[in-house]
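What follows is one chain in structure tokens, specifically the form predicted on its own.
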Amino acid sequence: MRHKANTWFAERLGDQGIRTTYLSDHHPAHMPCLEIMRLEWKHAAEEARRLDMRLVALWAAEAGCHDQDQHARQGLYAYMAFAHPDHRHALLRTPLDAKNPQLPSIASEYIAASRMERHMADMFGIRIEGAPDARPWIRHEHWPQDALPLRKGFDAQSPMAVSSDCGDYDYVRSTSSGVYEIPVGPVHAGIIEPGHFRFLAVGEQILNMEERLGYVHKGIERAMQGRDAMEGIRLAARVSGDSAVAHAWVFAQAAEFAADIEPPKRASFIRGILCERERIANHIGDIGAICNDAAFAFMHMQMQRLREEMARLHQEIFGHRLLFDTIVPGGVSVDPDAKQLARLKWQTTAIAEEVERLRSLYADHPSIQERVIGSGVVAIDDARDIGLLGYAGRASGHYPDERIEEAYSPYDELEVNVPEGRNGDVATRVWVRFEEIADSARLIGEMIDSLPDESCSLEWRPPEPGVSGFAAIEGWRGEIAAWVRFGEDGLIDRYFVRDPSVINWLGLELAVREVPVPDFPLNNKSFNCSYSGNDL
């Protein structure tokens, strides 16, 4: 049975004269892909925008080795995924000329598409026609011009020769005598990952901030190729270490869709418990860090203590403080017993109650409130145009949540409460986090109380060569989307993942305009975008 979103979208595209072809041979029935002509690419995006569909991701892939035809094996495809709150996800692809790949930009319809298109250009050599920003994104200046890491001709085992003419990144500049530049990073104080921020300021007021990322590019997409699902999920969990559960879950779900297997319900419930615990731990840590940047050290210390208590129990029950390698294709690797589940529930409830008490102190502390209220506003219309995700979107009137829209197990049996903020400032982003901590604690209690008594995993069966799967789950930062295609012998042929930070970094740039320079750290931590999740 064809996925209802693809059927609905195909009908809407047909109304506009856009011909679509179902690719059911290599895509599972739960979400088949629609193929369109390259000349209809931008037209399809325009129609998706008119239908109020949200852009999920753009990516590219070379044809797999499973194709029998020699010409097909040399092919190159571009993909885009959309979401609609009433019709869920829809996938489109178009074939490109592998020798001279070109694709019209859709950034005029979807702002977030620009950096995804730049990534496709850097990794595959696809020329984006009409791109509003043609600068390299992941490709830094020292890369050789002919290096295309995700094309088949690239030798991933040999180190790239550093270009002698490194050049310079063309940052936005000002010729006004009253405007000065502040370069920050890529090396920062503390232990945060590397990223460069270039500020244009007048006095202490920020006029513009531009990010330069890619300093921790790890080659995840290339490193996935040739791994089996068990090896692949270990790498997926390490895309962004603070989201180990969420990234492993989206990989597992995409692989399971491709293999047409459904994990036991007990496994899904345990995955939900782990993911909500990950959400609570990260929100607690970030609230403390935001307070620390406003010199409210007491709040920071208390939050760090609570997060440490969670990490120690994770280590004791699941074998890792950050819950690495707890999710496997077909289920979970650890099945807590009744006593361990009782401890998880008790600690979750106790920590949520203590966070509520600390919340009262935070709300009654004038010095922190003066710093966060009204700072770093992202307006509702801007948040929707960018497509802000997770707590950043929920603070600014944009409320997508895959736990509700995709309603995957166990959330199809639970009621998820989504905080609906509208002020879009640091204070509202912190408020959303407090609300999510309380709701996640409730959800964990309900999942533990209704945990099915059955096996927590099933035997993994790799899909046929050429079969792909797409999945989206709600991590603590927001929606994570992944697409995996398998080749011969059950080995991964192509893996693509889109962390929510890829989109939310744009929101931070917008938020800090007209913010004093000393308040940038507050705003930065209120978003807490992942460098690693962006720099695949």
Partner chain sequence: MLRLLRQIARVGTITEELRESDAYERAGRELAAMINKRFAGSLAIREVDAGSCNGCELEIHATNNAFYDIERFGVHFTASPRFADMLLVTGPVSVNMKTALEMTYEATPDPKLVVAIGDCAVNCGVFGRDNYAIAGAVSDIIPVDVVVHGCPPTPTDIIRGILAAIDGMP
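Positions refer to the first chain, counted from 1. Because the structure is predicted, anything quoted here is derived from the model rather than measured.
Quick note: we don't show the form predicted in complex with its partner chain, though the next part is all about it.
Note to self: Counting any non-hydrogen atom inside 4.5 Å, which residue from 171, 408, 324, 77 sits next to its partner chain in the model of the complex?
What the structure shows: Flagged contact: 324.
Notebook entry, point to check: Out of 307, 277, 115, 283, which one falls within 4.5 Å of its partner chain in the model of the complex, going by heavy atoms?
Noted result: Spelling it out, the residue with a heavy atom inside the cut-off is 307.
Notebook entry, point to check: Is every one of 138, 216 and 235 in contact with its partner chain in the model of the complex, taking contact as a heavy atom within 4.5 Å?
Noted result: The answer is yes: all three residues contact the partner (heavy atom, 4.5 Å cut-off).
Check: If you check in the model of the complex, is residue 413 within 4.5 Å of its partner chain, heavy atoms only?
Finding: Flag for residue 413 set to no.
Next item on the list: Using the partner position in the model of the complex, report whether residue 84 sits within 4.5 Å of its partner chain, counting heavy atoms only.
Entry: Looking in the model of the complex, residue contacts with its partner chain do not include residue 84, since no heavy atom lies within 4.5 Å.
Check: Any chance residue 360 has a heavy atom within 4.5 Å of its partner chain in the model of the complex?
Finding: Residue 360 belongs to the contact set for its partner chain.
Note to self: At 4.5 Å between heavy atoms, is residue 123 in contact with its partner chain in the model of the complex?
What the structure shows: Output for residue 123 is yes: heavy atoms within 4.5 Å of its partner chain.
Next item on the list: Using a 4.5 Å heavy atom cut-off, indicate which stretch of 141 to 149, 392 to 400, 374 to 382, 454 to 462 touches its partner chain in the model of the complex.
Entry: Looking at the other structure, the answer is 141 to 149.
Item checked: Stretch 221 to 245: residues contacting its partner chain in the model of the complex, 4.5 Å heavy atom cut-off -> Sequence-ordered list: 222, 223, 227, 234, 235, 238, 240, 241, 242.
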